[in-house]
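Given as structure tokens, the chain that follows is alone and in the form predicted on its own.
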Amino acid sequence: MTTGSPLPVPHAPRAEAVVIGASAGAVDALSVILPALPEGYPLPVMVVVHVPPNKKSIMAELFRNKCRVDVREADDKEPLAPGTVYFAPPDYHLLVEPDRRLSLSSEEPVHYSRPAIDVLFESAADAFGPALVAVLLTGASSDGACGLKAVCDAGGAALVQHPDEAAMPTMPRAGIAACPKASVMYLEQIAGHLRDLGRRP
């Protein structure tokens, strides 16, 4: 269950967007992945990290200084742009609309979290179908597992951080159980795979 294929993800040539979910241990994990994206990266990247609802998040500011792509906190009704990383703001779910604009929602928390990974993954799966790549990283809850299954069911590609490497393996294990077809990779492999997506026509 904790092993998986490190082979190229079958739908990677069609990728049009990337979604990433993480919780406990997120900063260290994302610090391997996001700075690896090159300038001119052609895909939008949407990220949900479980952050406290009652104070300003520093995630976008932190990674803006580490990355060669644009990094910002997502705004409601914002159109997706290539080469941009969008972080969900505190206390709002981040969704992708059918017209591929972002939207923010204050609906009830999912798995006690708002923003919730499941909400992003499921809405992005509806919007992008097989053109979506979803990445589930370290975390101490099962948020993201149902969303990862939705991505797989829609024909998209699922990558999961290897539980042995995760600061908190609960979330990766839940993702693997929900989506056995997921490719289980170490962070450096995930970073390399996402970087390679930007080189494909």
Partner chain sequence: MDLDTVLDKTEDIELRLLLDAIYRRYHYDFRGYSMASITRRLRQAREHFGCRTLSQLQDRVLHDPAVLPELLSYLTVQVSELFRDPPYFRAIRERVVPHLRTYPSLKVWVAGCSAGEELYSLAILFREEGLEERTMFYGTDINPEAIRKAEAGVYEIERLPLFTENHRLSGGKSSLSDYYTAAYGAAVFDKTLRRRAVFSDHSLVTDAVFAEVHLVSCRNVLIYFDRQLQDRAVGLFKDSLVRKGFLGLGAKESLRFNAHADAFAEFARDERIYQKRGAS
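Positions refer to the first chain, counted from 1. None of these values were measured; they are calculated from a predicted model.
Here the subject shifts to the form predicted in complex with the partner chain, a form of this protein not shown in this document.
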Notebook entry, point to check: Does at least one non-hydrogen atom of R100 fall within 4.5 angstroms of the partner chain in the predicted complex?
Noted result: no
Any chance D153 has a heavy atom within 4.5 Å of the partner chain in the predicted complex? yes
- Item | Close approach of V85 to the partner chain in the predicted complex, 4.5 Å, heavy atom | no
Check: For A131, is any heavy atom within 4.5 Å of the partner chain in the predicted complex, or not?
Finding: no
Review point. With the partner absent here, would P89, L104 and E107 each sit within 4.5 Å of the partner chain in the predicted complex, counting heavy atoms only?
Key: yes
Restricting to 73-100, the residues within 4.5 Å of the partner chain in the predicted complex through any heavy atom are E73, A74, D75, D76, K77, E78, P79, P89, D91, Y92, L95, V96, E97, P98
